[in-house]
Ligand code: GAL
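A single chain comes next, written as structure tokens; it is the form predicted on its own.
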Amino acid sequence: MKKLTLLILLTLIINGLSGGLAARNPSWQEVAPGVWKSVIGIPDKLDLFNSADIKPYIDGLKKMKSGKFPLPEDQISAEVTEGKTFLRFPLVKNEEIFGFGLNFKTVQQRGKILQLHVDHYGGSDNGRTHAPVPFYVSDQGYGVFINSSRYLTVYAGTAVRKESKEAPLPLDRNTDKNWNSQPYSDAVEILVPTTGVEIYVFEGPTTLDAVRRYNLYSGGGCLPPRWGLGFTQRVPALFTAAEVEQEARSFREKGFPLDFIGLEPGWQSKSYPCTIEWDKTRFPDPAGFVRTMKESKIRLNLWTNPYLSTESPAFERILKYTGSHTVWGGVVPDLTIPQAQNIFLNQLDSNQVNIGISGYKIDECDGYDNWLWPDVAQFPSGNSAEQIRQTYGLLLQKMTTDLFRRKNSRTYGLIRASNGGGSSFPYVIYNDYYSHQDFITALINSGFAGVLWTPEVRSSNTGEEWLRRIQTVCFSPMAMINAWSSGTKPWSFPEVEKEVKEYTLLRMQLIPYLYTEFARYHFEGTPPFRGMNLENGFDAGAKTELRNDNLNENPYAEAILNEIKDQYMTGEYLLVAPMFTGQTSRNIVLPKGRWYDFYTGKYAGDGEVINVTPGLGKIPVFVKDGGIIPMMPARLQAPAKGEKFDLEIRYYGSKPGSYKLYDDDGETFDYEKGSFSWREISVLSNKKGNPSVTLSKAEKGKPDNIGNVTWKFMTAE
């Protein structure tokens, strides 16, 4: 009898793997407030959430109101056939969806076909990107996440089933001007090339709420150290210790802020592949060098990639835990194996982190295909090359974050690859692409994907371009010049040196505000940098138009939607609208509510499109009515642990305002044990119309780094 039961069970499993499971409506379990999960078929053991080793931030989720499942359950279907899983989620007419990873060209994703595949971004939004996060959100107020480490194919409202409830009517192209090559589709369909998968649905009720729930379920957003929000310079690849020290002195002498310096490949004895040990000709005394830099309040970040040279001290120990193929002649550690992780981390710890290195820039863990391991590669864990590719960036972030956590010292670094579940990791994505406009679109899309992105500055053809790029990077997760190849400095274009200094110092002034917004990312899940589509009261005024009005020239012309992909929110109150080279004026779409110029306090508009001509010296920034912006005096370094700093609290508009200012020691993980404080800032108007202001006292036994406080009322009607 037992043999017969086992035979029946095996038959059912085989049928499921080869095509025996019909499409069905998934069953759902609420696994956290407003978060539902369903398991389809037999999922892979290695998935994104397991790789990131996420621990949902339940306390944050409990503070959000939750209601009912946000989609019609009978319209969601899943099917496992021929070793593949097919998923279908409904869409309604005029619904817009956002997400599917770090895209650079487009914000709205309905009508796209994507293969979500970790890769270097190649200039097209086709799903191959540094963070192809399989998460999307809808303007109807929900989110969907596919927890798979496979290359997923997404049909985001492009395919039409014959049994569709809202199938488009066939049109005659010969006579009907409304004919379109891409008919209306009422579903997102996803192909997962394996025998099952976990799927998650996140409730809103708003689109931002769905994003917040995803980030909180992924552990809450990262909270970088205060120094990580200062200014950073990455020096040329072959700089010596003496040249790095001189670089720091030149910043100080010229009055430019600098918190950490990035060392590029030349700090290693060999790179491509890497030894991950110091080059003693350029850095004869690494410990002394690091100590000297710290004494001048400068931290160090080290470049590396994970492909180990035969001359690395870790090579022999890690060799049996590496894949079948090499990258630039270096072995590829199978980081899904704990022993491989430990050997790799010991190499980082032994002569780098232990002597005071503050972080890493982890390169080339994304692509291209012609230099990374192929999909036919084999790894000793038994995990496929595809799965290793999709999770490698997550694994590297998780390992190194834990290394610094064991030291009770926060880090903030750079990474080339990430994926779903990585929201809590203190890493910012970068790449070798260099379109200023597309960098802003990526910054917007990062807010839908639970990742951070920097529009880094490297070089420019003119002083105008240099200043415009600097202005943007000062309103991003990492204010960085990456001079590894160009050798550029903030003052490299003398004609705009004064304006560049103003913005680098403004970045420093904004640290109390930015630090609080990152705290909200951690505790509430709200992305510190996000697109306008997540802002309450925003209306893009989208309308359909043709790519080509002459259908005789292009009979397959497709309808597209206007997008707002060149302005974004920085935190709760600031709307940033970058200027690009050659622009003297631009249009800005203001959400409903009164908005004010950040610099002057002058009223700008209310729910309308305005045109601005700011001049070369300004990047347009606006503050919503009742906005409170806590700022500190301009300084060359972020406040150190235990160092008090003064505040200037700016208030804009006439609406009563409130803001919770976050404070902790700025460097350790003690905030995870409750060592932090929120201080209430409020502005009210009395009967005479004069503002009444308060800042709550610090709680007893909680961090209190605030010195003298002054108030500045910016409204100028």
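Just so it is clear, the structure is predicted and the values come from calculations on it, not from any experiment. Heads up: residue numbers just count along the shown sequence, starting at 1.
There is another form of this protein, the form predicted together with ligand GAL, and it is not shown here; the text below is about that form.
Undergrad: Can you tell me which of 425-433, 470-478, 136-144, 447-455 lies within 4.5 Å of ligand GAL in the predicted bound form, counting heavy atoms only?
TA: Selected range: 425-433.
Undergrad: Let me know the one among Tyr272, Tyr599, Phe493, Phe86 whose heavy atoms come within 4.5 Å of ligand GAL in the predicted bound form, would you?
TA: Checked against the cut-off, the match is Tyr272.
Undergrad: Considering ligand GAL in the predicted bound form, which of Glu203, Asp363, Asp566, Asp125 comes within 4.5 Å of it through any heavy atom?
TA: The option sitting close enough to the partner is Asp363.
Undergrad: With the partner left out here, check for me: in the predicted bound form, does some heavy atom of Arg226 sit within 4.5 Å of ligand GAL?
TA: Outside the cut-off, so no.
Undergrad: Please tell me whether any heavy atom belonging to Asn482 falls inside 4.5 Å of a heavy atom of ligand GAL, as the geometry stands in the predicted bound form.
TA: Contact with ligand GAL, yes.
Undergrad: Within 4.5 Å, heavy atoms only: does Glu264 come near ligand GAL in the predicted bound form?
TA: Output for Glu264 is yes: heavy atoms within 4.5 Å of ligand GAL.
Undergrad: Considering non-hydrogen atoms and a 4.5 Å limit, does ligand GAL approach Arg416 in the predicted bound form?
TA: Yes, contact at 4.5 Å.
Undergrad: Just to make sure I understand: among 284-309, which residues lie within 4.5 Å of ligand GAL in the predicted bound form, judging by heavy atoms?
TA: Result: Trp303 alone.
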